[in-house]
Every structure is written in structure tokens, then in C-alpha cells.
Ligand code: C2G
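Taking the form predicted on its own, here's one chain by itself in C-alpha cells.
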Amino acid sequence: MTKVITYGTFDLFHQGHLNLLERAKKLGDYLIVGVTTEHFDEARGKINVVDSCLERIENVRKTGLADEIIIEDHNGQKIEDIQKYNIDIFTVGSDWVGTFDYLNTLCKVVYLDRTPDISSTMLRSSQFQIVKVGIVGTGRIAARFIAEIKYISGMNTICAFNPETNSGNTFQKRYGIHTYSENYNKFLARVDAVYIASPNETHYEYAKAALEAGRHVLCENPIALNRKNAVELFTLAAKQNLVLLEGIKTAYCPGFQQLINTARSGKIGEIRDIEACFTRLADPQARECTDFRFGGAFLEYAAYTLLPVFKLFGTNCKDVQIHSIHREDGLDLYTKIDLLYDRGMATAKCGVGIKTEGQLVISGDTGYILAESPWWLTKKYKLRYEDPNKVETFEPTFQGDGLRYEMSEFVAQINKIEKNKYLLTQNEIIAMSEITELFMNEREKRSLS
């Protein structure tokens, strides 16, 4: 008798899960299905499980495909179970290719092809929609999205779009996701929502077309290069009753919210100054270093550095000054944004060709908060005071590269489970678009001079 084992969360049980179990069953004579506990799911990075463990077990049982169902609740259990149950074949979906190759010493490992276009109709009654997502753009950020989506319940990547055929074909071959290179409307017809990770100057047009087609939008920043276009997108989304989120992932990370709440709590007194810095020596061949019109430090990182300023001081500053160090072709290698408020001041610094200490410092009249690089992931921060021996250290939870948090909020808002719109507000995004417009106007003047 050939024994097969597979594992999964099986949250919001859908056709894709059923297909996987059917394929697993065909591999042998006896199928064991491991269902993960909520605690283990959280520990391994799945942050938005909806169904209870008992519900998920019951949904697997109802298929009639599992000869035996077990609970997975700790790391290393797969090895234990393979030996305990004398397993011949271990199998999981192809989105985990390579992850479990180490088990080949114990049994045969088989990766089953994913179901790219799962039905949004549940195999049980549920108000939670399985959101079919299409990716616009097939560069490095799209690859990160693919890596992270397997940790999110209720979302499934259906297809991608890139007018550059070579890039699209490479993406399709690597991930097995059909990629359109023309006819954006045909692409939109297959999905419920889009994730826009295309070049900066294309965000607005892609987002507008998606909203007009009745599709929810998660768009990498900047969502628009001027205030008028940003307002237009939010107005359109509201009219269509659609979700529109900007993908500044720091805003959705739990550690960043904890840091902001700590600052607001009064533990460092009244906040008087904020300094946020995000720099890296980017690959000279990367888009941000080769596109002198729509690349550079500001468009790549300014939104991240402005985020803590707007969260703590608000969006109504008295004055904004932008200073940049430019390359010969006009691309900004390093940009500093100075903001003046009635009772404080702030500096937001970003760079793609000049390196400095990437930290966030929030200064109050009784102490300060220091979050060292990479503060935008907010894995750790400290409270310091006049007494150097008095230091409080905080180490919030952080999973993956942070992208899954904005994805989780996106699907939650679509399904109206929770609406944490305070994480990144419409006013904050529009204020960022106003500063972006100032920067772009200065860039245009410089290019004409």
C-alpha cells in the first residue's frame, strides 16, 4: 500500500483545495491530510486565517478524499509524521517548489501543479469572497508578490499583464501564470482585483482603467504623480464602491503601528522633530537608476520617509522645501524634504546613489524613539532618555518582507471583515501626491533649463 501525506491550512475551502486533494489521492492508496492549527499558521507567517481549525478539518473531511486527518502544530512535525506513518510520498502545491526537497531522504517529494483559476464559489456557505487577482507588471516586485500571496487566505493570482512581451513570457514560464502582453481590458475581465507593480508613470492610467472596469486596486506607490489624479482615483473608487489602497507596506506592518502609538502615548513627551531616512546603493541597471524621468530617490522611497511625519504631525504643514543631489542627466541620487509645522519640524531623506544611516528618530521633550535601519520594516525600536541607562526596547512581530500585511488588509477591506483605513488614509496619500507634484514640477523645470 502506497501512503501519501499532504499538509495545508485549507482556509476558506475552495475548488483549488479540492483539486489538490484529488491529485494527492491519485498518487497512492492511502491519503493522510495534515491541517495546521491557528497558532502554527501564525508562527509560520500566515497572518489572516479566517476559519477555525475545527471548521477547516470538517471541510477536508467532507471531501471524502482523506483516509486520515491529523493536526500539524509545530516545526519539524513533517519529518516525525513521515517516519511515524511510514509515508511513501509527500506532496504539496507547486507554489512551494524546492521548499521541501530536504524530505527526499525520507520519501518521494511531489509538487502538484497549482490551480490558476479557482472558482470563487465556495464549497460551503460563506460571505468571504476568494479574490482573483491579476498582477500588472512582471518585475522584481511582482515576484515578491507571488512569494507572499501563499501566506494570505482569500487571494489567488489568476494572471498577469505586461506590454513588454519578453518580460511577460519569462514571468509566465517561471511561475506558470498566464501573462497578457496586449488588451488590458481582456486581462481585467478575468479578475476581481489588480495589484499594480508597473513603472511609476503608468500607475495612474492602469489604476483608473481597473476602477472603471469595476476592479479593486492595490497599487504600489506613487499611486499618482499629482494631486488631481490622486483625488480622481479616490473619487472613482468611492463612486464604484471599490477598494483602492496604496502599497506603502510600512503603513500596514504591525510594528510600525506600535511604534507610532508609542510615540503618541506621551512616553517621550511632546514630539518636536522627526527625521526619517531610507537610502540604498541601488543596482545601476535597476529601473530607479536608469529612468531619469520617473526613477530616482524621491519616487522610489520618499513616501516611506514621509509616512511617519504625516502620522505624527498630520498633513497640514506650513512649508515644504525639497533639495536634491542630481546626476548629470537630472536623476536625483539623494533628496531631502524639509517640512515645517506649527509646533515641530521634520526631515525626510532618501537616496539611491548616496548612502547614509537609514534610521527613524522621533524626538520629544522628555526622550526620543530610535528605530535603526531597516526601520521601514519595524522589527525593533528603542525609547531613550536623558539618563543613558534608561532604555526601553520593543521587538514587534514581523513576517516575511512585509508585503503580506498590505495584501491581508486589501482582501479584508474587499470582504468588509475589517476596515482599518487609518493605517494609510486617503488624506495622507493625497498629501504625498501634492509633494510628489512639487518634486515633479522641479524636475521638469530642471530638464528644460
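In this text the structure is predicted, and so the values were computed from the model without any measurement. Quick note: we count residues from 1 along the sequence shown, nothing fancier.
One more form of this protein, predicted together with this ligand, exists but is not displayed; see below.
In the model of the complex, at least one heavy atom of residue 114 sits within 4.5 Å of this ligand. This ligand is not drawn, but in the model of the complex it has a heavy atom within 4.5 Å of residue 36.
Interface residue remark: residue 9 is counted as part of the site for this ligand in the model of the complex, having a heavy atom within 4.5 Å. Among residues of the shown chain, residue 46 is one whose heavy atoms approach this ligand to within 4.5 Å in the model of the complex. Heavy atoms within 4.5 Å of this ligand in the model of the complex belong, among the stretches 205-213, 87-95, 299-307, 139-147, to residues of 87-95. Residue in contact with this ligand in the model of the complex (any heavy atom within 4.5 Å), chosen from 234, 294, 128, 100: 100.
Taking 288, 72, 192, 81 one by one, only a single residue has any non-hydrogen atom within 4.5 Å of this ligand in the model of the complex, and it is 72. For the three residues 379, 407 and 410, a heavy atom within 4.5 Å of this ligand turns up in the model of the complex in no case.
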